[in-house]
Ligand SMILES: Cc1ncc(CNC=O)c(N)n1
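In structure tokens, one chain follows: the form predicted on its own.
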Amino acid sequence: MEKQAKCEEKKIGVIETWSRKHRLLFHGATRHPLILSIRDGSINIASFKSWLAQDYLFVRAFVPFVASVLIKAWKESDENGDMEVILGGVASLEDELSWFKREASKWGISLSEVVPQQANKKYCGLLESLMSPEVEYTVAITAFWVIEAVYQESFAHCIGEDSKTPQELKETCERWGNEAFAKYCQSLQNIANRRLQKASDEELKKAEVMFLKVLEYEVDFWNMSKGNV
């Protein structure tokens, strides 16, 4: 059975194998009721505003995490191209933070007054733990990929065929649902898959645990949007 699983991982990639193995949790993170309500046009704008404010705080914590992944790539990567891919992610975050500020202004949200909710604190704590030098590059890049992939798959669904996403939310959905971001996520997935194929059994276990943990935290983060700003 274990040999068969190894063959499957080699054939389609570890990430794809895990996505299938844990498809219910992956589906829960990428097809959350909040996302479905955006897609069908029934979204409670108060929930969207709550998500927006909390996500701004999360992205601020995400910046040093991505920088730490870049450092790990510099120290541990067996491919020069990894750094360029990750550096592109770092560079895009400045624009992303500016976008959050513009959106907050548009929706009348005072970001300086936003207090992080418990699920956000917990998730930011996970990012900080991943920045430790003891955390292997393979584990960190896996976490990085899944964090980005959840947003890409979620928001791409909101602009897919037959979607009824409200006009005022389309820019948000296109920000993460666009083709360029999908290609970037694929580049991260390729790096993660390459590292996982060469990883020790212990690293693989750690990476799979992190994969599941990120998905759980993503669901908790979407759930948090039920609160109002």
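Because the structure is a prediction, the values reported are computed rather than measured. One rule holds for the numbers: they count along the sequence shown, beginning at 1.
The same protein also exists as the form predicted together with the ligand; that form is not shown, yet it is the one meant from here on.
Q: Can you confirm whether Glu76, Glu136 and Ala199, the three residues that make up this candidate site, all sit within 4.5 Å of the ligand in the predicted bound form, judged by heavy atoms?
A: No, because Glu76, Glu136 and Ala199 lack any heavy atom that approaches the ligand to within 4.5 Å in the predicted bound form.
Q: Where, among 78 to 86, 128 to 136, 147 to 155, 103 to 111, do residues come within 4.5 Å of the ligand in the predicted bound form by heavy atom distance?
A: Single hit among the candidates: 147 to 155.
Q: Although the ligand is absent from this view, report whether Val59 comes within 4.5 Å of it in the predicted bound form, heavy atoms only.
A: Contact with the ligand, yes.
Q: For Phe65, is any heavy atom within 4.5 Å of the ligand in the predicted bound form, or not?
A: Phe65 lies outside the contact set for the ligand.
Q: Does any part of Phe26 reach within 4.5 Å of the ligand in the predicted bound form? Heavy atoms only, please.
A: The answer is no: Phe26 has no heavy atom within 4.5 Å of the ligand.
Q: When the contact criterion is heavy atoms within 4.5 Å, does Phe221 count as touching the ligand in the predicted bound form?
A: Residue-level check for Phe221: yes, a contact with the ligand.
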